[in-house]
Each structure stands twice: as C-alpha cells, then as structure tokens.
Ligand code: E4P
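Shown here is one chain on its own, the form predicted alone, set out as structure tokens.
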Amino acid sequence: MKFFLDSAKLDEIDRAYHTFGIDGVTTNPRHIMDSGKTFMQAITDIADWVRREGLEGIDKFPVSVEVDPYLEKAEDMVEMARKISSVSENFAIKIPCTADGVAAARQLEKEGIRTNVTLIFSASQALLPAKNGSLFVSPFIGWKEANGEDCRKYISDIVQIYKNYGFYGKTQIICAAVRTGKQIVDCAVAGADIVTAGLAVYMDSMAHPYTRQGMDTFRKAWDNTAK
C-alpha cells in the first residue's frame, strides 16, 4: 500500500517524504488555504519541490490538485484542469464525483491528463470513474465514520468490485480523509491501493505506549549494565 500526505505545506511534505518516504501528495482547497499562499503559488511551490527532489513524473510522485469547487459544468472543469496540468506533469486533477465531474474526468483522461475523482461516499459512485479510466478515486473515510458509519465494508466492496471487472490497479483507490491508525489498518486489510492522511495522523499511528514502556525498560537495563 502506498502512503500519500494530505497537505499543501512544503515543510510537512518535505518532512513526510524524508521521514516516511511518502509516495505522493493530495491537496484540496482547505489545504491550500492553510498554506497561507495563493492557489497558484501553492501548487507552483509544490511542483518546484518535486523537481528539486528529482521526482518528476506522475508515476513517480503524483500530486493531486483540485479544480475550483464552484465549477459545476464539465467544460469549465476541463478548462481549468488543462491550466493546472500545465504547471507540472506530476499533477493529477481532482474532480468532484458528480455527473458533470465524471464527464470532465472522462474527457481529461482522453487528453492524457490524469484525474482523481474525489468526494466519493458510496461504492456505486466509485464505479463510473473506474470504467472511464480515471487514475485515482478517493472514497472518504473520516467524514463517514464521524457520523457513525463503519467504512470497512464500504472500502472492501469497492476493492472487490474493481477486482471483479479488471479495474483493480488501473484505477487506484485512495482512502481519503483518514483520521486514525485504525482507519489506515482497515484500508490496508481491505486491499486499498493508497491511504492519504495528514502528517499528525502518521505520527500518531507510529506511537504506542508499550513502545515507550519498552524503551524505558531497556534504558534502565542499559544504565545498570556493568561498565
């Protein structure tokens, strides 16, 4: 399973790459806002970082960038996606999972502009983007589970459907809005291709009180070993 960072902050991207070896980045309008930069400055800075690290190529290090969320017509999404994609060959264009969004993604894939169909909240929504060849789909986890849903079957159903019809691995499943280590594990068990989470989530997933207890135990033994 691949691990993407859900962020538009360069310091977080750099730390996550050099600490955990993240495989890509996902951004959204909220992450761009949190970066404190304009939209174009934020995505250009990420593109420059990718080049400095020698990660050019969407197959090497994909970066998802979302179109203006006010755009509702397919042709408008396509027009903006073309402009975004011209900034970096690493960019996959995030398109909302609506009828017009799927139409836009279908057209962009025909043009060789890779897409990430996002804001997916059901297995049925994940079907048409895969049929039309989108590189990624992003079923959301955290938002649903925050409202009392258990997402394990939802993700495993998408994985099984993709396996049934030869979509698995061609359209990659990014479990998005991941908030906990348990959700990371649930997605891994289900067979999702990717999880994307914030840096704090990855840091928390590496923490366990028994690890700390074990370190303290071994430190005491170290200190009391004959010198």
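Each residue number is its position in the shown sequence, starting from 1. These numbers were taken from a predicted model, which means no experiment stands behind them.
Just so it is clear, the following notes concern the form predicted together with the ligand, a form of the same protein that is not shown.
Here the chain stands by itself, but in the predicted complex one stretch of 186-194, 171-179, 43-51, 156-164, 171-179, has heavy atoms within 4.5 Å of the ligand. The ligand in the predicted complex comes within 4.5 Å of no heavy atom belonging to S134. Although the partner is absent here, S35 lies well away from the ligand in the predicted complex, with no heavy atom inside 4.5 Å. When contacts are judged by a 4.5 Å heavy atom cut-off, H31 counts as touching the ligand in the predicted complex. T115 falls outside the set of residues with a heavy atom inside 4.5 Å of the ligand in the predicted complex. Contact annotation for 89-114: a single residue, K94, has a non-hydrogen atom within 4.5 angstroms of the ligand in the predicted complex.
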